[in-house]
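Let's start with one chain on its own, the form predicted alone, as structure tokens.
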Amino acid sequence: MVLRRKLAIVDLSKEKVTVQDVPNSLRKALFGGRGMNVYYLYKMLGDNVDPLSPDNILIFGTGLMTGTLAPCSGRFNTTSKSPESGFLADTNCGGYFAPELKYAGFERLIIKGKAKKPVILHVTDNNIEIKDAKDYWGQTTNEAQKRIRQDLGPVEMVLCGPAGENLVRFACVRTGVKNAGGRTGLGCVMGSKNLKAVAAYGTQGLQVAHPDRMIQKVEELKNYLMSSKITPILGSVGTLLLYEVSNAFGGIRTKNSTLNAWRDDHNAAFAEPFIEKMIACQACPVHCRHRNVFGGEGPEYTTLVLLGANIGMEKYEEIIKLGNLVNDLGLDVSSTGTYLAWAIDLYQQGKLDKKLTDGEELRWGDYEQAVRIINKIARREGFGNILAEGNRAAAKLGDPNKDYLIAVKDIPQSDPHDVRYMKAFALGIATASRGADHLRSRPTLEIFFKLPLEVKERIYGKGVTADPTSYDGKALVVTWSERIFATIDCLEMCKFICHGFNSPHFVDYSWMKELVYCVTGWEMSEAEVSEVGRRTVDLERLFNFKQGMTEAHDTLPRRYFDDPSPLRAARGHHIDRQKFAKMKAEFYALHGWTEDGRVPEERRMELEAIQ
């Protein structure tokens, strides 16, 4: 049964595994995935814990739908305290690892302590072994996965690369060739625990409450998803479709946001000669992932921009190769591209010199130089050792106030969009719980479609202007998006099929309600399903404030306020501080938070009573 999967707590210091049942009341309140992960993190982690100490905890959690027939449900969240920001670390990732973990009988692993030497966790049916990882330590993510499969058989795994082992603060967790839990440095947390990988293989099927109805609803949902105009486009070009429209109006982060548009021929069609085929995660009918001709996967939109325009790369094939390198070393694409651009910009301004850069004259668009520096970052060599500290290198780089770092809450912006033109996007990255991030609340419909007002009223409950430069009503759009994205993260279904992310026709609360009933037998209203996302957002807020966050952290990079965009339709646009503050206040009010952005005491007590 889906509802009989276990929680395992692994203490690496004591080499001890404890297995527990999970109360269904907790599952019903948070569904799993992102929600239950932050619940355990908030409950178990004290104040002032060093993210790289054995006292930090690392959580791998599946969702209510993971491993079932539900479309795009092969996902999991990884959660901890971030070594990059000191606040919430959380990622959502696809692939095939999460279903195997569930088929082995576990829905969640909580890792404590630190192993005396490098280890892997080998998860099989109702069993977890701690095994020596000396043969895999030092290997790249792809080398290690091949070797582990040779030794353990057909396992699926999540692991860190050399960057995580060397405690690079923006190292990611990886599964497969490219699937990444990229943000907030979770690969670094794995490395700090001497944990190379978690490898899982299970043979226990998942019994659902209403299997016949589940099959019927899944077929209906697949047909519904495939009837959307956006689905076949995602299946043929992936997220690269976003480049052309964004570049046309001047919404592409370029050369550390000194510019806002790049080459027009970097659109999706230009990628075709370098793409072998499109592939998919578990149970996904969309197939948005590229397998490239250089032996890796990608590029997707984020890689194309942050390892392309943002560091001045002209050649498409070189951008793809940089993406493959970053993936193989276990680095986060968004942070790597942002920190490289930051360093080049500061060098060009004369704020650092060759004494710091191992004799390198930092230049835009120098592929060989980018390869050298990325390798040095992953191995903490020379100048790479400085950049491996991420935002903490600011003083050494001559930018002590981080005036030129495109980051929020000390996490580099993941979104390839330059948000000076799009005010809702700006509010979203400013208030996201894990730093400058587009996957918490990006209101994609605003940029992607000129929807009639009545359609927006149906989606958001109130009409919202189609003008992306307006500040009016954008707090409502961001709040609405944040809650439904949190809910689908708790179910562990992909945001690409979530209502409001890429299409107004994808999985909404009505579909979620049906799927929850099929899997669990619970009869929930749409409002009750929506409340799961609201609880998750509030718990993340509580955790961050417990770790020292304040309202002042909900802001934007200085450049977005003070330096207007120089190119195309976005020319002259920037973020007005007073209008931004008003928009943020509206956002707090819609969440029911206090004027200084706190979760009210009564709500805190309500959430802490969940069990």
Partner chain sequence: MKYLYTYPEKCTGCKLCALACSLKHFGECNPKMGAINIVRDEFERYEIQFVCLQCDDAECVRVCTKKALRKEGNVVIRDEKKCIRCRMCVVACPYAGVHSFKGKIIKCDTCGGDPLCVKFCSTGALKWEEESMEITERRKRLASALLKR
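Residue numbers count along the first chain shown, from 1. Source: prediction; values computed, not measured.
This protein has a second form, the form predicted in complex with the partner chain, left out of what is shown; the following refers to that one.
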query = Quick one: of V293, L152, I130, V245, which gets a non-hydrogen atom within 4.5 angstroms of the partner chain in the model of the complex?
reply = V293
key: Heavy atom within 4.5 Å of the partner chain in the model of the complex - residue from S433, Q282, T520, S503   = Q282
query = Taking the shortest heavy atom distance, is E219 within 4.5 Å of the partner chain in the model of the complex?
reply = yes
task = Determine whether any heavy atom of P118 comes within 4.5 Å of a heavy atom of the partner chain in the model of the complex, and answer yes or no.
result = no
message = Can you work out whether Q204 and the partner chain are in contact in the model of the complex, taking contact to mean some heavy atom pair no more than 4.5 Å apart?
response = yes
ask   = G384: heavy atom within 4.5 Å of the partner chain in the model of the complex?
value = no
note = Given 469 to 477, 174 to 182, 490 to 498, 503 to 511, the stretch touching the partner chain in the model of the complex at heavy atoms within 4.5 Å is 174 to 182
request  = Residue by residue through 89 to 117, tell me which have a non-hydrogen atom within 4.5 angstroms of the partner chain in the model of the complex.
outcome  = Y96, E100, Y103
